[in-house]
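Single chain ahead, written as C-alpha cells, the form predicted on its own.
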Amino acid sequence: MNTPPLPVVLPLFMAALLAALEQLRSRRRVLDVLSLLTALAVVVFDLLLLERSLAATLVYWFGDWSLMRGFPVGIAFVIDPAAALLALLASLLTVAALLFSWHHFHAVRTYYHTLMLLFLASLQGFALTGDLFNMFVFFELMGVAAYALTGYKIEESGPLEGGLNFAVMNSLGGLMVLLGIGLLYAKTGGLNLAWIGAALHGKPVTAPVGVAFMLLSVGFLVKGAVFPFHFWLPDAHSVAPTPASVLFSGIMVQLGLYAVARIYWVVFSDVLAQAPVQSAFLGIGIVTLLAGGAMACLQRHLKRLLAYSTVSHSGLILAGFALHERQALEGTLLYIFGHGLIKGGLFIATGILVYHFRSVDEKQLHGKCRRLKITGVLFLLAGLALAGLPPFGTWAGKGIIEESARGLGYGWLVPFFALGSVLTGGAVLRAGGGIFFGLGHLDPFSSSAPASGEEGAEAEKSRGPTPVIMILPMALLLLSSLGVGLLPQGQQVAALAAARFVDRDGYRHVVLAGERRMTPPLSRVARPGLGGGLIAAAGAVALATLFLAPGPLHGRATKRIKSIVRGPVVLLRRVHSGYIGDYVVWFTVGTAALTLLALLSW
C-alpha cells in the first residue's frame, strides 16, 4: 500500500463526501463520526510514515512522474522524521478538536466538518511535500479553510473582522511566497526543493537569490506570526471557534516557521552567508518572544491571552531554528510538539468556559468557576507546562535549545528564553488562579476593554457538570506532552529527525538520485537539566502571585508601578491597534527591512 499520499487524499475525499451529506436531515452524528474516524485514520497513517521514515527518508512521486534525465518532472512527497512528526502533531490535534466539538457546539452549522477535514489535508500536504510550488498550494488551501473557520459565526462582527484581517495579511504573505518562487524558477528552471538546492550549489550568489529567500521567508513568517507580521493572529485566534483555535495555535503557526527552516536548509544553507540570516532571525525571534509575552500579560480575554502567548513561543521557535545547529533543531522540534499539545489543551479549557458561562473574560469570570475543579487543575498544570516545568515536552525542548545556545556562544539568549516562559506562564497562571479558584484581586494591569459577548452563540450554556468528552481531549493532550518530555524515546526521535533535517546533501541525494544513506541506530542522548525549567516555572508562579496577591501591586504602590510601566504599555497597545491598515504598514516596513538586508548582505 502506498501510504504517503493517504494522509492528504483521505481527508480530501471525505471532505467532499461530508459536503454531500450536509443535505441529510439528521446529519449531526453521522458527520461527527465520519470526520473523527477520518482523523483517526490519518493518525495511523502518520504513525506508519514516522516509523518508516526513521529507517530512511521516503520519496513518493505522484503518478510515477519521477526523474527524466535527472530532472524532477513530477511532484514528490519527501518524508523524513521531522516532516512525519509535524504531520502527526496535526492529526493528533485534529482528533482532539473533533472530539471536543462532539458536545461543544449548540448547533453545528453548515460545512464545519468539511472545513476541518480540508484544513487537516492542507496541514498534512504542507508538512510532507518536497515541492516548493506544492507547498504554496497547500499554504493557500490551508488559508482558505482557516479564513472560513475564523469567520464561522458570520452573523457576528468580531469573527468577520478577525477573518478579514487574517485573510488580508496571509494573502500578502502568499503573494511574497509566489514572487520568491518566481525568482527561483527563473534562476533554476525547477520547483523541487532538492533540485533548486542542487542547481544553486557552487554558483556565485546573486541579489535575486538572496531576495528570493527573503520573500519566501516573509511569506511564511506571516503564517508563523513573528514580529512585525504577527498582528493578525490575536484577532483571528480569539474569535475562531474553539476547535479551530486548537489547530491554529497548536500547529498552523509552527508550520510557517518549519517552512522557513526547511527551505533554508535544503536550498540556501550552502549558498547564502549564514551570519546575516542568523542575526536577522535571532533578533526577530527575541523581539517576538518579549512582545508576545508582554502583550499576553495585558490581556483579560483568555483566547487573546493564549494567542499572544503563541506569538511569544513562535519567537522562541524561530530563535531555535536560527541557531543553525543540529542540537538546537532537535530541541526546537521537541518544543514544537510539546507546546502544540499544551496550547491545544489550553484552548479546549477556554471552550469549556464558553460552554458553561458564554464568556472568556478573566474579570467577569473571576471566582465564578470554582466548581470546575478538574478543568481548573488541568489549566494551572498547563500554565506551568507552558513555563517549562519538568518533565513536560516544553521543558525538554527549551532545555536542549538553551544548552545548544551556550555551546555556540549564544548564552545571552537563555535569560530571554526564561523571561518569555515566565511572562506567558505567569499570565496563564494568573488567569487560572483568579477564574477557577478566586485567588487574589482583579489584575490591575490588564486591558479594560470589554471582552465578552462574542462567545454566546458557540455553545449551549449549561449549569450541569462538564461532559467527560470535553475534558478528555484536554487531559490526553497534557498527558501526551508529559510523555514527550518524560520518555527518552521522544528525544531520540527528535535527535534523529534533526540529524536528517540538517543533512542537505543526503536530502538531495535521496530525491534526485534515489540513494538512501545508512541511518545510524538511535543512540542514548543527554537529557537536559532540571534547573532551567524549575526556575522558569517558579518565576511564572511568582509573577502570577505578584498580580493576584495583595501587596506590592495593590494600593498606593499600584499607581507608582503603573506610572513606571505606562510608557511601554501604551506603546505596545498603540502598535497593536487592531486596524488592518496599520498591520499592512508594519508588513511593508518588515518586508522592506528584510529585503534591504538581503540586498546589502549578498
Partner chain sequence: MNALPFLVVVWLLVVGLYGIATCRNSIYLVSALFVAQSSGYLLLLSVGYVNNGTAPITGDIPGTRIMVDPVVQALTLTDIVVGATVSALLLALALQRHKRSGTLDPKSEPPMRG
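Residue numbers count along the first chain shown, from 1. Only a predicted model underlies this, so the values are computations on that prediction, with no experimental measurement involved.
The form predicted in complex with its partner chain exists for this protein as well; it is not shown, and the discussion that follows is about that form.
- Among G399, G293, P72, G163, the residue placing a heavy atom within 4.5 Å of its partner chain in the predicted complex is G163.
- R573 is the sole member of K562, R28, R573, R52 with a non-hydrogen atom lying within 4.5 angstroms of its partner chain in the predicted complex.
- Shown alone here, Y308 lies within 4.5 Å of its partner chain in the predicted complex, counting heavy atoms only.
- A186 belongs to the set of residues with a heavy atom inside 4.5 Å of its partner chain in the predicted complex.
- Residue contact check for T114: none of its heavy atoms lie within 4.5 Å of its partner chain in the predicted complex.
- Among heavy atoms of T206, none comes within 4.5 Å of its partner chain in the predicted complex.
- Considering its partner chain in the predicted complex, the lone stretch of 272 to 280, 143 to 151, 251 to 259, 479 to 487 in range is 143 to 151 [heavy atom distance within 4.5 Å].
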